[in-house]
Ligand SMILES: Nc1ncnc2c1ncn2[C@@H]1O[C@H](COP(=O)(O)OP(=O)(O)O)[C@@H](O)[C@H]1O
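In the block that follows, a single chain appears as C-alpha coordinates, in the form predicted on its own.
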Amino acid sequence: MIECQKVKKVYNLGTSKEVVALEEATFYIPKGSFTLLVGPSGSGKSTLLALIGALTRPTSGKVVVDGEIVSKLPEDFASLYRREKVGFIFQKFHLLEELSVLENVVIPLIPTSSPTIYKKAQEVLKRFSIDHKAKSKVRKLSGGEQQRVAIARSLINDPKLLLADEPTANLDKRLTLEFIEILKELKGEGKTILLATHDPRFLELDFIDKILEVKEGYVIS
(Lines give C-alpha, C1' and ligand atoms only; values in the text may rest on other atoms or scores of the structure.)
Protein backbone atom coordinates (compact mmCIF):
# COMPACT_ATOMS: atom_id res chain seq x y z
CA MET A 1 0.00 0.00 0.00
CA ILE A 2 2.78 2.43 0.97
CA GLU A 3 6.35 2.33 -0.28
CA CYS A 4 9.01 4.92 0.49
CA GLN A 5 12.30 4.74 -1.37
CA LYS A 6 15.20 6.82 -0.01
CA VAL A 7 12.85 9.67 0.90
CA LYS A 8 14.57 12.80 2.16
CA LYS A 9 12.97 16.08 3.19
CA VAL A 10 14.91 19.30 3.73
CA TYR A 11 13.16 22.53 4.67
CA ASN A 12 14.61 25.91 3.63
CA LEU A 13 17.06 24.15 1.34
CA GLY A 14 20.21 26.13 0.62
CA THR A 15 19.55 28.81 3.24
CA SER A 16 20.97 29.52 6.68
CA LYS A 17 17.75 28.06 8.14
CA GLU A 18 18.09 24.72 6.38
CA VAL A 19 16.65 21.83 8.39
CA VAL A 20 16.88 18.15 7.47
CA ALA A 21 13.58 16.69 8.67
CA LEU A 22 13.91 13.23 7.12
CA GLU A 23 16.97 11.24 6.03
CA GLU A 24 16.52 8.82 3.11
CA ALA A 25 13.70 6.77 4.63
CA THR A 26 13.04 3.41 3.00
CA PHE A 27 10.23 1.09 4.14
CA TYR A 28 7.09 -0.74 3.01
CA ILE A 29 3.63 -0.89 4.60
CA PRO A 30 1.21 -3.62 3.43
CA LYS A 31 -2.40 -2.95 2.51
CA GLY A 32 -4.88 -3.32 5.36
CA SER A 33 -2.21 -3.10 8.08
CA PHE A 34 -2.02 -0.92 11.18
CA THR A 35 1.39 0.72 11.60
CA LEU A 36 2.62 2.92 14.44
CA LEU A 37 5.12 5.75 14.02
CA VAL A 38 6.94 6.32 17.29
CA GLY A 39 9.71 8.68 18.29
CA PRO A 40 10.35 11.96 20.12
CA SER A 41 8.88 15.29 19.09
CA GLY A 42 10.70 16.78 16.13
CA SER A 43 12.00 13.42 14.95
CA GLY A 44 10.22 13.59 11.57
CA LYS A 45 6.94 11.71 12.19
CA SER A 46 4.66 14.54 11.09
CA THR A 47 6.84 15.21 8.04
CA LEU A 48 6.57 11.58 7.03
CA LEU A 49 2.77 11.65 7.31
CA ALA A 50 2.65 14.86 5.27
CA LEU A 51 4.76 13.27 2.52
CA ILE A 52 2.58 10.15 2.35
CA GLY A 53 -0.53 12.34 2.33
CA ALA A 54 0.92 14.48 -0.51
CA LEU A 55 0.67 17.61 1.64
CA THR A 56 4.30 18.29 0.76
CA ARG A 57 6.91 16.85 -1.61
CA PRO A 58 10.19 15.16 -0.73
CA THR A 59 13.48 16.84 -1.55
CA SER A 60 14.56 13.52 -3.05
CA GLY A 61 13.33 9.95 -3.18
CA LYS A 62 9.97 8.47 -4.07
CA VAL A 63 6.67 7.91 -2.24
CA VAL A 64 4.31 5.34 -3.77
CA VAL A 65 0.78 4.80 -2.43
CA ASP A 66 -1.56 2.18 -3.87
CA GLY A 67 0.61 1.94 -6.97
CA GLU A 68 0.68 5.70 -7.59
CA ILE A 69 3.82 7.85 -7.29
CA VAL A 70 2.34 10.60 -5.12
CA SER A 71 5.63 12.39 -4.52
CA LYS A 72 5.61 13.82 -8.06
CA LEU A 73 1.94 14.71 -8.43
CA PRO A 74 1.09 18.27 -9.55
CA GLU A 75 -1.03 20.03 -6.93
CA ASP A 76 -4.33 19.50 -8.76
CA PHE A 77 -3.72 15.76 -8.91
CA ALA A 78 -2.37 15.69 -5.35
CA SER A 79 -5.61 17.29 -4.19
CA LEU A 80 -7.61 14.66 -6.05
CA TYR A 81 -5.48 11.90 -4.52
CA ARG A 82 -6.12 13.24 -1.01
CA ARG A 83 -9.84 13.58 -1.65
CA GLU A 84 -10.25 10.08 -3.08
CA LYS A 85 -7.83 7.93 -1.10
CA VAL A 86 -6.72 9.56 2.16
CA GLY A 87 -8.37 10.40 5.46
CA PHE A 88 -6.54 12.69 7.92
CA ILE A 89 -6.95 12.92 11.70
CA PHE A 90 -4.91 15.65 13.39
CA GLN A 91 -3.99 16.34 17.02
CA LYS A 92 -5.76 19.70 17.01
CA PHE A 93 -8.67 18.47 14.87
CA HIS A 94 -8.44 21.45 12.42
CA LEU A 95 -12.21 21.94 12.43
CA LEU A 96 -13.76 25.25 11.37
CA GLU A 97 -15.36 26.45 14.59
CA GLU A 98 -17.93 28.80 13.04
CA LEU A 99 -19.31 26.11 10.73
CA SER A 100 -21.74 23.40 11.76
CA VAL A 101 -20.74 19.81 12.38
CA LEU A 102 -22.37 18.74 9.10
CA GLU A 103 -20.59 21.47 7.14
CA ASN A 104 -17.22 20.46 8.59
CA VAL A 105 -17.71 16.82 7.69
CA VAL A 106 -18.51 17.47 4.01
CA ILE A 107 -15.45 19.70 3.46
CA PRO A 108 -13.23 16.87 2.09
CA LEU A 109 -15.82 16.24 -0.65
CA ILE A 110 -15.81 19.81 -1.91
CA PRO A 111 -15.96 20.67 -4.84
CA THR A 112 -18.06 17.53 -5.41
CA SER A 113 -21.58 18.75 -6.11
CA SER A 114 -23.41 15.44 -5.74
CA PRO A 115 -26.70 15.83 -3.82
CA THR A 116 -25.80 12.67 -1.88
CA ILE A 117 -22.88 14.20 0.04
CA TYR A 118 -25.06 15.42 2.91
CA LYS A 119 -26.71 12.02 3.14
CA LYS A 120 -23.27 10.41 3.35
CA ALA A 121 -22.28 12.93 6.02
CA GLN A 122 -25.35 12.12 8.11
CA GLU A 123 -24.59 8.41 7.85
CA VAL A 124 -20.99 8.75 9.01
CA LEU A 125 -22.03 11.10 11.84
CA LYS A 126 -24.56 8.52 12.99
CA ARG A 127 -21.90 5.84 12.96
CA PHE A 128 -19.86 7.82 15.49
CA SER A 129 -22.88 8.86 17.58
CA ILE A 130 -22.60 12.56 16.83
CA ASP A 131 -25.48 12.91 14.33
CA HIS A 132 -27.65 14.63 16.94
CA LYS A 133 -25.16 17.54 16.82
CA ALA A 134 -25.20 17.87 13.02
CA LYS A 135 -26.53 21.45 13.04
CA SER A 136 -24.50 22.62 16.04
CA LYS A 137 -21.53 24.96 15.66
CA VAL A 138 -18.26 23.14 16.29
CA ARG A 139 -17.17 25.75 18.84
CA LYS A 140 -19.99 24.60 21.12
CA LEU A 141 -18.82 20.99 21.25
CA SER A 142 -16.73 19.25 23.89
CA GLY A 143 -13.27 17.92 23.07
CA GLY A 144 -14.58 14.37 22.74
CA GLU A 145 -17.38 15.49 20.44
CA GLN A 146 -14.93 17.41 18.27
CA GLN A 147 -12.77 14.29 18.00
CA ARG A 148 -15.76 12.30 16.76
CA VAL A 149 -16.46 14.99 14.17
CA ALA A 150 -12.81 14.87 13.08
CA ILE A 151 -12.99 11.08 12.70
CA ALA A 152 -16.25 11.35 10.74
CA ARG A 153 -14.69 13.95 8.45
CA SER A 154 -11.67 11.72 7.81
CA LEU A 155 -13.93 8.88 6.69
CA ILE A 156 -16.52 10.76 4.63
CA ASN A 157 -14.69 9.88 1.41
CA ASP A 158 -14.35 6.19 2.43
CA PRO A 159 -10.54 6.38 2.11
CA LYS A 160 -8.27 3.39 1.65
CA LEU A 161 -5.61 5.07 3.81
CA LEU A 162 -6.03 6.72 7.21
CA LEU A 163 -3.23 8.99 8.50
CA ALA A 164 -3.39 10.09 12.14
CA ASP A 165 -0.98 12.51 13.82
CA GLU A 166 -1.08 12.31 17.65
CA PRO A 167 -4.89 11.89 17.53
CA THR A 168 -5.29 11.17 21.26
CA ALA A 169 -3.04 13.94 22.60
CA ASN A 170 -6.03 16.03 23.70
CA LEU A 171 -8.25 13.17 24.87
CA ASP A 172 -8.77 11.70 28.34
CA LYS A 173 -8.40 7.99 29.07
CA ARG A 174 -12.03 7.06 28.33
CA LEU A 175 -12.09 8.85 24.98
CA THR A 176 -8.70 7.42 24.04
CA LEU A 177 -9.97 3.88 24.67
CA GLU A 178 -13.08 4.61 22.60
CA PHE A 179 -10.89 5.90 19.78
CA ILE A 180 -8.75 2.74 19.92
CA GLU A 181 -11.89 0.62 19.51
CA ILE A 182 -12.83 2.67 16.44
CA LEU A 183 -9.38 2.05 14.96
CA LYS A 184 -9.75 -1.68 15.54
CA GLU A 185 -13.08 -1.64 13.73
CA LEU A 186 -11.63 0.34 10.81
CA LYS A 187 -8.73 -2.07 10.46
CA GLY A 188 -11.24 -4.88 10.35
CA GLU A 189 -12.85 -3.15 7.38
CA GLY A 190 -9.57 -3.29 5.48
CA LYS A 191 -8.35 0.28 6.00
CA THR A 192 -4.60 0.85 5.99
CA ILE A 193 -3.78 2.91 9.09
CA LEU A 194 -0.59 4.85 9.84
CA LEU A 195 -0.62 6.56 13.23
CA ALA A 196 2.03 8.73 14.89
CA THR A 197 1.86 8.75 18.67
CA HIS A 198 3.64 9.21 21.99
CA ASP A 199 0.91 7.29 23.84
CA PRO A 200 2.39 4.07 25.30
CA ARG A 201 -1.07 2.44 25.33
CA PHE A 202 -0.82 1.93 21.59
CA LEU A 203 2.28 -0.22 21.99
CA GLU A 204 0.22 -2.74 23.96
CA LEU A 205 -2.49 -3.25 21.31
CA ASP A 206 -2.83 -6.75 19.89
CA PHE A 207 -3.87 -5.54 16.43
CA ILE A 208 -0.71 -3.54 15.64
CA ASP A 209 1.10 -5.05 12.65
CA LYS A 210 4.23 -2.93 12.51
CA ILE A 211 6.12 -0.28 14.45
CA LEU A 212 8.39 2.22 12.72
CA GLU A 213 10.69 4.24 14.95
CA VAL A 214 11.60 7.70 13.72
CA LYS A 215 14.72 9.14 15.33
CA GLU A 216 16.56 12.28 14.21
CA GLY A 217 15.09 11.95 10.74
CA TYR A 218 15.90 8.26 10.30
CA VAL A 219 13.21 5.58 10.05
CA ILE A 220 14.02 2.29 11.76
CA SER A 221 11.76 -0.65 10.95
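A residue's number is simply how far along the shown sequence it sits, counting from 1. The shown structure was predicted, so the numbers you read here are calculated from the model rather than taken from an experiment.
As for the form predicted in complex with the named molecule, it is not shown, yet the points below apply to it.
At least one heavy atom of residue 45 is located within 4.5 Å of the named molecule in the predicted complex.
In the predicted complex, the named molecule lies farther than 4.5 Å from every heavy atom of residue 190. Using a 4.5 angstroms threshold between heavy atoms, residue 15 stays clear of the named molecule in the predicted complex. The named molecule is not drawn, but in the predicted complex it has a heavy atom within 4.5 Å of residue 21. The stretch in contact with the named molecule in the predicted complex, judged by heavy atoms within 4.5 Å, is 36 to 44, chosen from 36 to 44, 150 to 158, 181 to 189, 61 to 69.
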